[in-house]
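The chain that follows stands alone, in the form predicted on its own, written as structure tokens.
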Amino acid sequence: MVKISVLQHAPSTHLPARPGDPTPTSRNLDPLMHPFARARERTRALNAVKMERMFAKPFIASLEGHVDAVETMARKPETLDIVASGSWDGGLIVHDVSRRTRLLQIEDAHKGKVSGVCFGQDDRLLSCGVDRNIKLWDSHKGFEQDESAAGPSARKPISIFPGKTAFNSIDHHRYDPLFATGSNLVQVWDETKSAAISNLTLPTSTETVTAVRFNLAEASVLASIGSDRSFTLYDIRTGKAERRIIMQMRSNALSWSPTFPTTVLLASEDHNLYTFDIRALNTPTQIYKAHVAAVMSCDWSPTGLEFVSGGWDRTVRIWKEGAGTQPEVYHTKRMQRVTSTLYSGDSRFVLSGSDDGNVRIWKAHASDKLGIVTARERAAIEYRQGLKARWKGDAEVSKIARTRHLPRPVHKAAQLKREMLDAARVKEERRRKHTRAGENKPKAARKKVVIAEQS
């Protein structure tokens, strides 16, 4: 016999006790509750998410000065707003982002394009280029402090480190006067010596190294990416390559997480970004999909909760760590292919350098208010954010929150890409359906990224 639980109400509580008495009404005696509280809250959540989209004006300013594409950018450590940029015209500029001024400008720092720039110790600036030279500059001396009274094009570097091949990337050690460069091999240099002190590339390696970066926590660990689709880890104490993986497509940029020392972000030619835990390099921890062309640059926020990427599709995208879809998208009519991106030291602003020669400043959160925010405004902002978080499951609220306007070419390219991926998936399913059972097993997307691992 089946037992059935039934909710039963006593009729005496809902019917008049005697003929002629009024019908009893159910009342909520809690004075803080309102019969339409939930409906009111939903309306407020809708208004909050609509206001966020209405006031989403992320573009702030454009920093001019370069006459060709901005190839590389670097932020000065322990500062919020000092940024150096290098261009294809051989020019080098140090910007004060908060004042939107140029602290230093060297028009002919290199013959040909500046391929890498980084800050060293004691206000020193290192740059490298395709002219096979590394140059060390004093960035503290602006236009007024130039003792030689030379113009921007006649400024002299402190020292020059000649190389044998064109350099593609440079990065400085966090504590010691050492820096690493990437060309046809990875080299470690000392600021006090004119030649490289060690070569770290694998003997069997034939790739061109496109980027090198020191780990932010363990400064003796160095990572590089190459044109042969490789990602390699080195230890400068032993002078050897420790681990190496070969991926499906080559990577264009890499960035270490500032809060998780074992996490590295790779910007790939296959339109995606990947985060890896270097303790297990056989699979990426997350795949980030939204770009419709090659991703050319990436950089972590100092908080480690977000990162920015710039692509060949002329868009800048801001991602939340761990969320592989629906990033924030920034674009303008005049911005061309984005070749470098950077976060400011306080995580409030994003910088992008593109083919049109401009360094653009964006808000990290498009609807943020610039200037002084009173306590009352702050409380209202936090209340609206709480409402959006609470009602994010509502269909209308989530639709407004995730909708972004994209340029027509980007929208069409995304549509075409979806159709191609769907077609490839259907083809794979049909091939599996018409083969012997167990011969062709489906493979997860994360398992397809890394082809081989060497250690």
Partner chain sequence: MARGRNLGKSARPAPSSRKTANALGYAKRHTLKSKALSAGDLGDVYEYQQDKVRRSKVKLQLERDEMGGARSGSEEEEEGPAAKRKDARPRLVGENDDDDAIGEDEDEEIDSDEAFEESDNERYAGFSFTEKKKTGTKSKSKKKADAGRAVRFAEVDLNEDSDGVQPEAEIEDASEASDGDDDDEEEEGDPSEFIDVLDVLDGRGDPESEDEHQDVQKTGSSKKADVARTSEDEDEDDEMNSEEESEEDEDEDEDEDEDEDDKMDSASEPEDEEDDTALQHLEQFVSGLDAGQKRKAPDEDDSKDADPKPAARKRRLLPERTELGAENEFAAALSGGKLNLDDLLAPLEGQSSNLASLKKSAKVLASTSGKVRTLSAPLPQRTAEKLDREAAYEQTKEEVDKWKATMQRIKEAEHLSFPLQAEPKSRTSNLELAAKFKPTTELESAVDKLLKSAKMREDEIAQTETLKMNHLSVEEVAARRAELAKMRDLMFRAEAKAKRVSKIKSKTYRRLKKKERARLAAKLGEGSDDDLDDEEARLKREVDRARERATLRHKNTGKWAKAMRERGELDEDQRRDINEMLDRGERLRKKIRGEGDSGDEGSDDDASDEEGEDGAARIKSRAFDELAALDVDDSETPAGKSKSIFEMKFMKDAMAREQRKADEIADDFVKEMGGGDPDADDDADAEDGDQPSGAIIQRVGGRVVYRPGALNTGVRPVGSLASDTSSVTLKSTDLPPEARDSPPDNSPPGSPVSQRRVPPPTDEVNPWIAQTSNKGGLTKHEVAISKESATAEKSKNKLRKRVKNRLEEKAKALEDAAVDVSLSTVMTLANGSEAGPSKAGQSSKSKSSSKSASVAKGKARAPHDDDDSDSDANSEVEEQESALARKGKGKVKAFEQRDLVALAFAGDNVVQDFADAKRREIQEDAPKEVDTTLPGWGTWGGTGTKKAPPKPHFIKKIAGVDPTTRADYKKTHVVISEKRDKKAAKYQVKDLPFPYTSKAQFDRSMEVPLGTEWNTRLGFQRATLPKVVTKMGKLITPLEKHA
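Numbering follows the first chain given and starts at 1. Because the structure is a prediction, the values reported are computed rather than measured. For clarity, a rigid core is taken as the largest C-alpha set superposing within 1.5 Å between two forms.
Below: the form predicted in complex with its partner chain, not depicted.
Enquirer: The chain here is shown without its partner chain. Which stretch in 120 to 128, 161 to 169, 298 to 306, 86 to 94 comes within 4.5 angstroms of it in the predicted complex, by heavy atom distance?
Expert: Result of the contact check: 298 to 306.
Enquirer: In the predicted complex, is there a heavy atom of its partner chain that lies within 4.5 Å of any heavy atom of Ile4, even though the partner is absent here?
Expert: Judged by the heavy-atom cut-off of 4.5 Å, Ile4 is in contact with its partner chain in the predicted complex.
Enquirer: Is Arg279 close to its partner chain in the predicted complex, meaning a heavy atom pair under 4.5 Å apart or at it?
Expert: Looking in the predicted complex, residue contacts with its partner chain include Arg279, since a heavy atom lies within 4.5 Å.
Enquirer: Should Arg40 be classed as touching its partner chain in the predicted complex when contacts are defined as heavy atoms within 4.5 Å?
Expert: Result yes; Arg40 sits at the interface with its partner chain in the predicted complex.
Enquirer: Quick one: is Ala379 in contact with its partner chain in the predicted complex, heavy atoms, 4.5 Å cut-off?
Expert: So Ala379 counts as contacting its partner chain.
Enquirer: What is the one choice in Phe349, Trp312, Trp137, Phe214 with a heavy atom within 4.5 Å of its partner chain in the predicted complex?
Expert: In short, Phe349.
Enquirer: Of Lys193, Lys111, Arg99, Lys240, which one comes within 4.5 Å of its partner chain in the predicted complex, counting heavy atoms only?
Expert: Selected option: Lys240.
Enquirer: If we check its partner chain in the predicted complex, which of the residues in 73 to 95 reach within 4.5 angstroms of it by a non-hydrogen atom?
Expert: Counting only heavy atoms within 4.5 Å of its partner chain in the predicted complex, the contacting residues of 73 to 95 are Arg75, Glu78, Thr79, Leu80.
Enquirer: Quick one: core overlaid, is Pro442 moving 2 Å or more at the Cα between the shown form and the other one?
Expert: Moves: no, less than 2 Å.
Enquirer: State yes or no: after fitting on the rigid core, is the Cα displacement of Pro409 between the shown form and the other one at least 2 Å?
Expert: No; that C-alpha moves by less than 2 Å between the shown form and the other one.
Enquirer: Would you say Val426 moves its Cα by 2 Å or more between the shown form and the other one, aligning on the core?
Expert: Moves: no, less than 2 Å.
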